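Before any questions on how it binds or moves, here is one chain, the form predicted on its own, in structure tokens.
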């Protein structure tokens, strides 16, 4: 009995440490900015050893990337809600709320900048975040196709290009976030019907 509970405690401690490190990376970035973020600072804030951080992530950008990916997975719904319109609306509302969360837009901007400087990180950013966010939206379109309420000629790739193209343009070029009018406009474009007000 005790041998079974000991590994469970170890796994819990590791998960707690991982979450503490991710939280520390995100919080420090919002406080000091990405250029001043360090592995040493992350480790100190998380109460973990510097080597623990390096064992799990190769760079500070990778720690921040996982923190943001976890936040997106938790905050943006892809749940089956019975209709394409309802699921698209939930996805867009959740995405807008996530972007408005303090620190998210600057973190995204910093990660995209890092991806332009570091080709290895660019691949990890694409695979660990960008492609996963696109796949989440594509899942909604695929489910609509299976259910029979997908608009004609709409592909998951096109929907993702429209949604994430607008998001990234706003983050990188204008610093404007998504508002309700934007959401309605996207819904009208992708569904061919008036969006929810």
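Numbering follows the first chain given and starts at 1. Quantities reported herein were computed from a predicted structural model and do not represent experimental measurements.
Another form exists, predicted in complex with another copy of the chain; not displayed. Remarks below refer to it.
S.K.: Looking at 44-52, 22-30, 142-150, 159-167, which stretch has residues with any non-hydrogen atom within 4.5 Å of another copy of the chain in the predicted bound form?
M.R.: In short, 159-167.
S.K.: Does another copy of the chain, in the predicted bound form, lie within 4.5 angstroms of each residue among 109, 172 and 190, using heavy atoms as the measure?
M.R.: Checking in the predicted bound form: 109, 172 and 190 are all within 4.5 Å of another copy of the chain.
S.K.: Given that another copy of the chain is not shown alongside this chain, does residue 90 nevertheless sit within 4.5 Å of it in the predicted bound form, heavy atom to heavy atom?
M.R.: No, residue 90 is distant from the partner.
S.K.: Does the 4.5 Å heavy atom contact test between residue 75 and another copy of the chain in the predicted bound form come out positive?
M.R.: Judged by the heavy-atom cut-off of 4.5 Å, residue 75 is well away from another copy of the chain in the predicted bound form.
S.K.: Report yes if any heavy atom of residue 113 sits within 4.5 Å of a heavy atom of another copy of the chain in the predicted bound form; otherwise report no.
M.R.: Flag for residue 113 set to yes.
S.K.: Considering non-hydrogen atoms and a 4.5 Å limit, does another copy of the chain approach residue 136 in the predicted bound form?
M.R.: No, residue 136 sits far enough from another copy of the chain in the predicted bound form that none of its heavy atoms falls within 4.5 Å.
S.K.: Even though the chain is shown alone, can you say which residues of 112-131 have a heavy atom within 4.5 Å of another copy of the chain in the predicted bound form?
M.R.: Result: 112, 113, 116, 117, 122, 126, 130.
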